[in-house]
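Given as structure tokens, the chain that follows is alone and in the form predicted on its own.
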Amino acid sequence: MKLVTIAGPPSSGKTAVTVKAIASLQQEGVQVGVVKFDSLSTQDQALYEKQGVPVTTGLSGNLCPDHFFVSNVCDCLSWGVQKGFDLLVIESAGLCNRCAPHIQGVLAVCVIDNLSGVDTPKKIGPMLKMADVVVITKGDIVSQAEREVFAYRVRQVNTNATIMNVNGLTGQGGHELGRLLVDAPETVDLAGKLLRFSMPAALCSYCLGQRKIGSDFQMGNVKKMAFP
């Protein structure tokens, strides 16, 4: 089975472009399954079910979505193999820009939208910098010049990725994205595989449920600012 991870900031259009890409693959008889990760709630499962795509959802609740993802990704692979999928797409939650849910040897896709601002690519960490494919959405809302500048800024951050525009509403570009997904390398096992970058580090009193503010209540991995 082939495995793909799709990540991106909240509301960047991850589900919309994934549905369009899967629709083109279904026409070719490719059996696709989806695991959707989110934080508190999601209605995206209904969109996949409407398309006739087998989907399961995992909600991280009060845990970091990235850590929740990596703790369950092996089980996701096992579920896909059990179901007999040709391709399993794992869509992460809408993540903070520092997150890094990409795995070495597994096709990594980052979805980012034109409306986030031309400086946004420089603010995004491993999620964008270490992706194999960068999908830019909402290009129909901005001018051609803005699209070109945004794509140039993305290329400055990630010099090796395939950059493409996909319209999540009309499906333009969805077929091309589907071809890239189905050409992903096969993944037999994830045990012992490496993340492309380390997860954000945090183990402090607030991680453990502390709500009081102040130095007396802060323990563990605490980082302080330096003021002039």
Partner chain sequence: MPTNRVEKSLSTIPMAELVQRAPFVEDFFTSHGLALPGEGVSPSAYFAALDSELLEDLGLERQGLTERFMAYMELLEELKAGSGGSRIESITIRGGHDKSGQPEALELTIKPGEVVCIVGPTGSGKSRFLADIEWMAQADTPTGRSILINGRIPDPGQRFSIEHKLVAQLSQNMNFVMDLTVEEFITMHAESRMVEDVSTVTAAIIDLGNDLAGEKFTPRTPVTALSGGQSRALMIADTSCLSTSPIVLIDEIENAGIDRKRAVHTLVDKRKIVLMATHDPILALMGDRRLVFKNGGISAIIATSAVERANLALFEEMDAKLGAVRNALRKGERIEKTG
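Positions refer to the first chain, counted from 1. These numbers come from a predicted model, not from an experiment.
We do not show the form predicted together with the partner chain, though everything after this point is about it.
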Original post:
Should the three residues Asp140, Val149 and Asn165 be counted as contacting the partner chain in the predicted complex, with contact defined as a heavy atom within 4.5 Å for each?
Top reply: yes
**OP:** Evaluate Lys83 for contact with the partner chain in the predicted complex, applying a 4.5 angstroms cut-off between non-hydrogen atoms, and reply yes or no.
**Re:** no
Subject >> Thr159: touches the partner chain in the predicted complex, heavy atom cutoff 4.5 angstroms >> reply: yes
Original post:
Does the 4.5 Å heavy atom contact test between Arg196 and the partner chain in the predicted complex come out positive?
Top reply: yes
Subject >> Ser78 within 4.5 Å of the partner chain in the predicted complex, heavy atoms >> reply: no
**OP:** Mind telling me which stretch in 43-51, 29-37, 60-68, 196-204 gets its heavy atoms within 4.5 Å of the partner chain in the predicted complex?
**Re:** 196-204
**OP:** Can you tell me which bits of 169-190 touch the partner chain in the predicted complex, meaning any heavy atom within 4.5 Å?
**Re:** Gln172, His175, Glu176, Arg179, Leu180
